[in-house]
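The data below hold one chain only, encoded as structure tokens and taken in the form predicted alone.
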């Protein structure tokens, strides 16, 4: 199963860069190569953010596997991110 993720940021702010680093760390340690990440700067692509109804940044959108989920913030709360990505569940290893 591949996780398809989009991270919406606003420019190269410290908050945006922290979200990118936190996401990279979570993906490498928890998803182990089973992910695709697209980083979208809303200053460069405002239409994409508008289509996704992004109201705050950084926002992580889990496109696949469904259901689609959104996580707002710099992704520093690892447990919240893992729950939002549905990494933990009955058929998933949550050691």
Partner chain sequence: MATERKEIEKLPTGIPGFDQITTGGLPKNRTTVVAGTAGSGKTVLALQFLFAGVHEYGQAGVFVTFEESPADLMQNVRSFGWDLEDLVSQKKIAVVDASPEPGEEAIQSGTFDLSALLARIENAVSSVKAKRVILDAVGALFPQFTDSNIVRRELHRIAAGLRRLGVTTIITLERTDEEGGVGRFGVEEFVADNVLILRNRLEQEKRRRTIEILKFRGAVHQKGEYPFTVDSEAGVTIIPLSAIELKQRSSIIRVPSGVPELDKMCGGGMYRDSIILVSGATGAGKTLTVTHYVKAAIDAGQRALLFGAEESREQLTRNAASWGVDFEKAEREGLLRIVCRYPEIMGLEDHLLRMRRDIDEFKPSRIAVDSMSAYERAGSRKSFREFVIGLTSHIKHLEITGLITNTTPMLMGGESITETHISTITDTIILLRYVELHGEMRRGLAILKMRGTQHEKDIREYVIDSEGMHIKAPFRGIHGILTGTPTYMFTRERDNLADMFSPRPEQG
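Positions refer to the first chain, counted from 1. Predicted model, so just to flag it, every value in this text is computed and none were measured.
The protein also exists as the form predicted in complex with its partner chain; that form is not presented, and the subsequent description refers to it.
- In the model of the complex, none of the heavy atoms of residue 38 sits within 4.5 Å of a heavy atom of its partner chain.
- Although the partner is absent from this view, residue 24 stays clear of its partner chain in the model of the complex, with no non-hydrogen atom inside 4.5 angstroms.
- Among residues of the shown chain, residue 69 is one whose heavy atoms approach its partner chain to within 4.5 Å in the model of the complex.
- Contact check for residue 65: no non-hydrogen atom falls within 4.5 Å of its partner chain in the model of the complex.
- Taking its partner chain as it sits in the model of the complex, the stretch 36 to 63 comes within 4.5 angstroms of it through a non-hydrogen atom at 42, 43, 46, 49, 50, 53, 54, 55, 56, 57, 58.
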